[in-house]
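We begin with a single chain expressed as structure tokens, specifically the form predicted alone.
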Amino acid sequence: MKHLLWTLSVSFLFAGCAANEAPVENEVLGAPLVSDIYTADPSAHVWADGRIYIYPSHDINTETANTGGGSQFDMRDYIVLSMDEVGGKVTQHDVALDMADVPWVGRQMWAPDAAYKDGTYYLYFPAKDKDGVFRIGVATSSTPEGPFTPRDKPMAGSYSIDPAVFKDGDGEHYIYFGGIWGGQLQKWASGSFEADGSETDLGVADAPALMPKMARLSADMLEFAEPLRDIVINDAEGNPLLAGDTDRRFFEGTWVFERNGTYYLTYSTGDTHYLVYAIADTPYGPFTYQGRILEPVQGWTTHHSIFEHDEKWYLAYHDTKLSGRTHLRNVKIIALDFDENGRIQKIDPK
């Protein structure tokens, strides 16, 4: 394992500001957690030991051409990162799961998430099967960093990308997933996979947008305990967001958390590069759109997670400042604030 030191200094936070300018809050975001490998799509969790664990994608410099639909994101394994506190020493663990160990996977192991229950850690991951269709797999371990042992087949009825697992206060676990364009969600609009059609063909712009999917997980955490359903995201008037509303509609990267009795659904708008959020009174929604969390960072899309540690909230995200290439990204963490009404305070990286 490799140990890397990540520090956030006051001088770094104010870098780039002219002498006669007051620094903009959060003007310069955090340094990469690790820089000897490329990591992205961070799913952050604080388990019972109080340590922060990050489950990211592991970007690699691939020869796969960008032919549309994210073909250049051709990741093959997962590596877990951990730290005692934000800004502290980061441990880069050994490989947690490799594509070669998963019988059903053909290629492209994309953004994962993790959960814990009764002594077992669960890694949920999307990958294309041998037919080029994204499915969601599950692997288990007795330790948070792995190695994880995968099941021989993906979750029954699973498809698309970006699984995110939320544990509610009553102990129930829910899984959220989906992503349009390369994530193939639009190819399931009829209820079965339709291989034909453009990667970006989402139908009529003034029709309701495609929504992420969700279900409660089974007691053993390995399957859906109920039929999949849409997570409806409405505007302030109660109308579903439309496909053409690209500044607000769902694209990929859902993350759900609860704070003071409010459920927050956060997600990426993809091609418009915003992180946004909606709220509800239950984990099923419907959710009402609220606003932006993060203005665009360098890179094609933004994928994130939100977590609490030592009574402070944080946003984990990625950008491409080190590589300058869309498929070679680095995970970062920054503080996240709420106002007295529970509204997330927007971060502007410029």
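The model shown is predicted, which means the values in this text are computed figures rather than measured ones. So that there is no doubt, residue numbering starts at 1 and follows the sequence shown.
Missing here is the form predicted in complex with beta-L-arabinofuranose (FUB); even so, the following discussion is about that form.
Enquirer: Looking at 240 to 248, 116 to 124, 226 to 234, 158 to 166, which lies within 4.5 angstroms of beta-L-arabinofuranose (FUB) in the model of the complex, counting heavy atoms?
Expert: This holds for exactly one stretch, 158 to 166.
Enquirer: With a 4.5 Å heavy atom cut-off, would you call Thr301 a contact of beta-L-arabinofuranose (FUB) in the model of the complex?
Expert: Although beta-L-arabinofuranose (FUB) is absent here, Thr301 would touch it in the model of the complex, with heavy atoms inside 4.5 Å.
Enquirer: Since only the chain is shown here, I'm wondering whether Tyr176 would be in contact with beta-L-arabinofuranose (FUB) in the model of the complex (any heavy atom pair within 4.5 Å).
Expert: No, Tyr176 is distant from the partner.
Enquirer: Flag Ser43 as yes or no: does it have a non-hydrogen atom within 4.5 angstroms of any non-hydrogen atom of beta-L-arabinofuranose (FUB) in the model of the complex?
Expert: No, Ser43 is distant from the partner.
Enquirer: When the contact criterion is heavy atoms within 4.5 Å, does Met214 count as touching beta-L-arabinofuranose (FUB) in the model of the complex?
Expert: Residue-level check for Met214: no, no contact with beta-L-arabinofuranose (FUB).
Enquirer: Just one of Leu210, Ala278, Met75, Leu275 has a heavy atom within 4.5 angstroms of beta-L-arabinofuranose (FUB) in the model of the complex, so which one?
Expert: Spelling it out, the residue with a heavy atom inside the cut-off is Met75.
Enquirer: For the heavy atom contacts within 4.5 Å of beta-L-arabinofuranose (FUB) in the model of the complex, list the residues of 311 to 338 involved, in sequence order.
Expert: Stretch hits, in order: His318, Arg329.
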